[in-house]
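Both blocks below hold the same protein chain, though in two forms, and each is given as structure tokens: structure 1 and structure 2.
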Structure 1
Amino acid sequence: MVLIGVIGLAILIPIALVIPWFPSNGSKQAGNVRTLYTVLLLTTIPIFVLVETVVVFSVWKFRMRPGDEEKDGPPIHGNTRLEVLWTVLPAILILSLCTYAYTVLHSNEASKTSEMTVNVSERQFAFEFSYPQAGGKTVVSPVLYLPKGRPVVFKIRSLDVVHSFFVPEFSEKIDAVPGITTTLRVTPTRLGTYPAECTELCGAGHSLMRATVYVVPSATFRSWLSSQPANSAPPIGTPPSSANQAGVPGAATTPTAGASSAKSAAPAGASAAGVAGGKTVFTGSAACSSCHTLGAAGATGTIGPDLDTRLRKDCATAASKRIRGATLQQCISTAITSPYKYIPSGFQAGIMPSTFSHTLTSTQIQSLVTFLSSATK
């Protein structure tokens, strides 16, 4: 039995250590989590082998043989020392592992004196990242840039429903809860491009709620940050009055009494509908570029209709034949807000989210219409 257990350990431990349980290690916190996981594997595999070896040996050695069906098993009296041993040792092991896990959690959550603050605003179905600067200025971006080696504290907020913020290579995740600011700390240690994901089912477009994370050298990050305009319009649109909280671009710092006052508190230019704003919505919060091809946006998606063809050749005739008296802009607006009213040939209902009339603001929809209309020229 001992020999079988030793052979089992010799086989399972190398296999467990070779299997790539995690994606590439992209942060200091990820390294801590992987070390903890390795310790758990090296602790639990011997226990697993011990238990299974005893079970298999007992099944073979003490199995019921023909003719023993009517017999009782031999009377066995309890062994107090053995019972104390198998109670105390597992208790000590569990307490030790819990203590070590706590030290890893405490280390991952510890604040650093040089940490940089990045605000993360989440909304159906997009991320928005903002970098507070000196003098009350803020740089806002639909993608996340981080300098390698510098501690970062994320202040995470939701503007509608429960979301989450997760970068697999960082091995850190936390929920974004409406009305609450949650905190996550990460120190990137590996240059590269990673996905940021929402891991809470937040609506029809949940699977498309992603953003790109760039971990770059410190000099590259400073150059990128200095090249960005300050206090620009939020990529995901003006926040609703219920989302008025510090750290959310475009939101008032104090709650407003009504919709009219919330509207007046929005920064200048936040409600302007233009081509640039529509392109930002197309590639960012609406995630249209994930499914459609459109040269003007650099999009190459193939799930939905090719908009280069659809806009230039089909939409104008659709406006005259299917929606009597409608303009091209009205046709595009209908395709966004009621996508299954007129389904293009070769496609079926259930693919494109039908909730954009609720998840996008009127400003965002108008910006999209303006941008898509310009793409036909």
Structure 2
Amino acid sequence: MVLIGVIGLAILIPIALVIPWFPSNGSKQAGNVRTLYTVLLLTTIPIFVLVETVVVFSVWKFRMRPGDEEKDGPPIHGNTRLEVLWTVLPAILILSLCTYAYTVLHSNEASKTSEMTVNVSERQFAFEFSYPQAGGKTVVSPVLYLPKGRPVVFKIRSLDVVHSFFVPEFSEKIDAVPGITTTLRVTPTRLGTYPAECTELCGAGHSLMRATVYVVPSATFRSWLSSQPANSAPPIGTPPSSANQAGVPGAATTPTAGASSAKSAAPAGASAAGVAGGKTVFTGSAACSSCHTLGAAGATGTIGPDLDTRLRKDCATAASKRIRGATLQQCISTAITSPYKYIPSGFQAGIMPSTFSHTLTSTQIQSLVTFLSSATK
């Protein structure tokens, strides 16, 4: 029996250690999680082997032999020493593993000195990262740049449904829940390009909800940051009034920065009304391009109607004119702000986000209308 157990261990432990359970290690926290996982493997495999060996041995040793059909087993009853042993040992084991896991979690979540804050805003189906800086300048970006070695605290919120924020190489993730701000701490330790993913089924475009993370040397990070234009809050349109959270762009942190003033302050610089601004909104923060095809924007999404071929037609039918408005502009505007009023044939309601009238500013919507009406054939 001991021999079988030793053979089992000799086979299973190398297999468990060789399997690449995790993607490459990209953060300090990921290192801690991996060590924890290895310790768990090394303690649970021997227990598994012990239990299975005893089970298999007993099945073989105490099997019924010819002539045993009518017999009962010997009337063994209780073994105090054994019972104490199999209660106390697992209890000690579980307590120590829990304590160890808790300390790993605690140190991964502990706030670090010289932490950099990055706000993560999530909505169907896009991420947006903003870097609040001294001097009042806030940089907003659809990709995440991080300096290697610098502890980062992510402040994560959702503008619509439950999403989550996960970078596999950092080995940590947390949900983005509407109405609260969740935090996640990461210290990137390896240069590289990683995916950030939403891991909460959040709608039809969920599988497209990804962003790119670049971990770069701190000098590169600084020059990237200073090359970015300052962008006043809110990053992806005006959040619903329930989203007022201190320290998050777009939140009404001062009495004067309410929803209405945020609305008029938003379209600074690049997001000004007009064709170019509309294209920026379409391909960038509003993530229209993840669902729609549109040549002028280089978009190839297939979840919603192909705007190149469908939009003019769908806006010219009698029914669409009555419901969405008689001119192309009115039609597009209604299609964006009240998407389910008129459903083009072959599509269904409930897929295109119906919250654009809250999450985009009126200037952004106007620039989308201008852009789309000039771009569609």
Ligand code: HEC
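Rigid core (definition): largest C-alpha set, two forms, superposition within 1.5 Å. Being a predicted model, the structure only gives us computed values, none of them experimental. Numbering for residues begins at 1 and runs along the sequence of structure 1.
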Identity of the form predicted on its own, given as 1 or 2: 1
Answer yes if the CA of residue 180 moves 2 Å or more between structures 1 and 2 after aligning the rigid core, and no otherwise. no
Quick check: residue 219 between structures 1 and 2 - does its CA shift reach 2 Å or more after fitting the rigid core? no
Superposed on the rigid core, does the Cα of residue 293 end up 2 angstroms or more away between structures 1 and 2? yes
Can you give the C-alpha shift of residue 302 between structures 1 and 2 in Å, rounded to one decimal, after superposing the rigid core? 9.9
